[in-house]
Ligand code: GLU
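Shown below, as C-alpha cells, is a lone chain in the form predicted alone; questions about how it binds or moves come after it.
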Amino acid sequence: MPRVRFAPSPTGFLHVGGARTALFNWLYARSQGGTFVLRIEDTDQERSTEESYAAILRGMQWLGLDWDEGPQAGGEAGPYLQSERLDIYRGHLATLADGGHVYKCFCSAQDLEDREQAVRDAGGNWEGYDGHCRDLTAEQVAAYEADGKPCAWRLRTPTEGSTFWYDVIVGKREFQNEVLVDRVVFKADGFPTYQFAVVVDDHLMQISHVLRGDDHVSNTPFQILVYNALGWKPPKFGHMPMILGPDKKRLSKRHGATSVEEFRKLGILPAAMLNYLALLGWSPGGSGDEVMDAAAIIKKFSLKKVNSSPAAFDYDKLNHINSEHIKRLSADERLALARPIIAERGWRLDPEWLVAGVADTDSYLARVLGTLGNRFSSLITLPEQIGFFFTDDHFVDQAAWDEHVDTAEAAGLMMALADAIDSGLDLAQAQAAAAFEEVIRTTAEQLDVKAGQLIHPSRVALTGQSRSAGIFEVMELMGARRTVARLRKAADA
C-alpha cells in the first residue's frame, strides 16, 4: 500500500497550491487504502513560526484532510517535526562524510556574492556555486577551522552523465549532471537544508510516492543524488501542474484570495473548496456532474487523470461550486451555517412578532431560510437576503427603491394596501400567507389595478430589494403589524 506525505514549511498560511498538494496526496492514499503522513519541515528557523504551524493544521482540519501519522496523530516513524530530528540528520551527514560524498565549504554569503559579481563584471554567467571548496586540501581545511571560520557541507555531485526518473504524471525527466551544482546539505548554523532533510525523512518514513508541485522538478535530480550517495532507493516522484491566475500568470495575492483561511472567511464551504481544488489539474472523466463530495472524489481519483499542463484558478467557478454545495445541504445544515451569521449581528426574534408556530429565534430563522429555498446559495450575501426580517436597518437596493417606491403612484397604492391590511386583518394575531394574498388581490380589484402594481412596490418597501422570497410568505413572517408599519413608512418617505 502506498505511503504518501504532505510536508509544508510553517512560514505562512496554507495556500491554494499547498492545499491542492495535500489534497492529491490524501486522495491517493484514501483511494488506494494507503497511509497519509503529515510532516512539518521547520528547519528554516528564521521564517518558521508557531502561528503558521497552527494555521496549517487548522486549514487541513477545515478541509477535512485527516492524516494517519503526524502531529497530534503520532506514529512509529516520528517525530514529525524536522526540528526534533536534528540528531537523525547529523548521523546521516556523518555517513555521507565517511563515504566522501560531501565536503566542507567555508564560503560565506558575502564570498559567494563577491565572486558572482566578479564573474558578471567580466561578462560571464554565474551558474551557481563554483566549486571553490570542492578540492581543498586537508591543510587548507585545518587552517580555516583554526581561524574559527564556520562551514557548511555540500554534496559532491557527479560532473558527467545524467540523472533521470520516470515521473508518474509527466513521464521521463532527465538532467545532465554537468549543469548540477554542489548544493548545501547542512548549513553553517548546524541545521540541514530542505534538500537533505527531505530525503532522509522520506526514506525513514518509507514514503513510496512523492507527489508535489512542479516547482520542485529542479530539486528532484539533486535529491536523487542524495539517495544514491546514501545507498537508498528513491521513491516514485510525481510533479503536479502549476496553478495559474485568471491572467495565466502564477497565482498570487494580486489575483485575490490565495490562502485557505481567506476562502473560509469569504464564505466558501470546506466541501466546496475541497471539490474545487480537486478539479485543479485533475479530471474525473466523463460528462457527469463536477459537484462532488469527498467520498465521490476518492472513488474516482486516479493519478493517471492528473493533468501535466498548468491549471487556471477560476474564482467564479469556485463560487458556483460553493453555491451548488449550499443548495444541496439539508434544512438543518443550512440552519447551522446561518446561526453564527445572525448571532454575529445580534439579530433575534422580537417577542412582539406574531408568527404561527414560531417560539424562538432559531425556529424563526428556520422559517426564514425555508422561504429562500435555493436562493440561499452564498454565506456572504445571506445577510442581505434575510436582514429585513430581523431589523429595519437592512440593505436597500436604491435603484429598486427609486423605481418602485419613490413615486407618487406607488405611495398611494402602498398606503391603500396598508389601510386594507389594517382593517381586514387582526394585527394582534399571526396571519397565514393566504390571508395577505387575499387582501392584496381584493384591494387590487377595488383600485382597478393589477395585483403586480401593489406587489412590486410592497416587495421593495418591505425587503429593500426587487427580488425576494414570495411576497405573501414574506408578509406572513413579518406579521401584519410590521407589514403595515413598513408600508406606511415607505409611502410617507
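Here the structure is a predicted model, which is why all the values come from computation and not from measurement. Start at 1 with the first residue shown and count on from there.
Keep in mind the form predicted in complex with the ligand is missing from the figure; the text below concerns it.
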Counting only non-hydrogen atoms, choose the one of 192 to 200, 308 to 316, 241 to 249, 92 to 100 that falls within 4.5 Å of the ligand in the model of the complex. 192 to 200
Can you work out whether A490 and the ligand are in contact in the model of the complex, taking contact to mean some heavy atom pair no more than 4.5 Å apart? no
Does any heavy atom of V4 come within 4.5 Å of a heavy atom of the ligand in the model of the complex? no
Indicate whether H209 is a 4.5 Å heavy atom neighbour of the ligand in the model of the complex. no
If you check in the model of the complex, is K236 within 4.5 Å of the ligand, heavy atoms only? no
One residue of R334, H216, R115, H320 in contact with the ligand, assessed in the model of the complex (non-hydrogen atom, 4.5 angstroms): H216
Out of 32 to 51, which residues reach within 4.5 Å of the ligand in the model of the complex, heavy atoms considered? E41
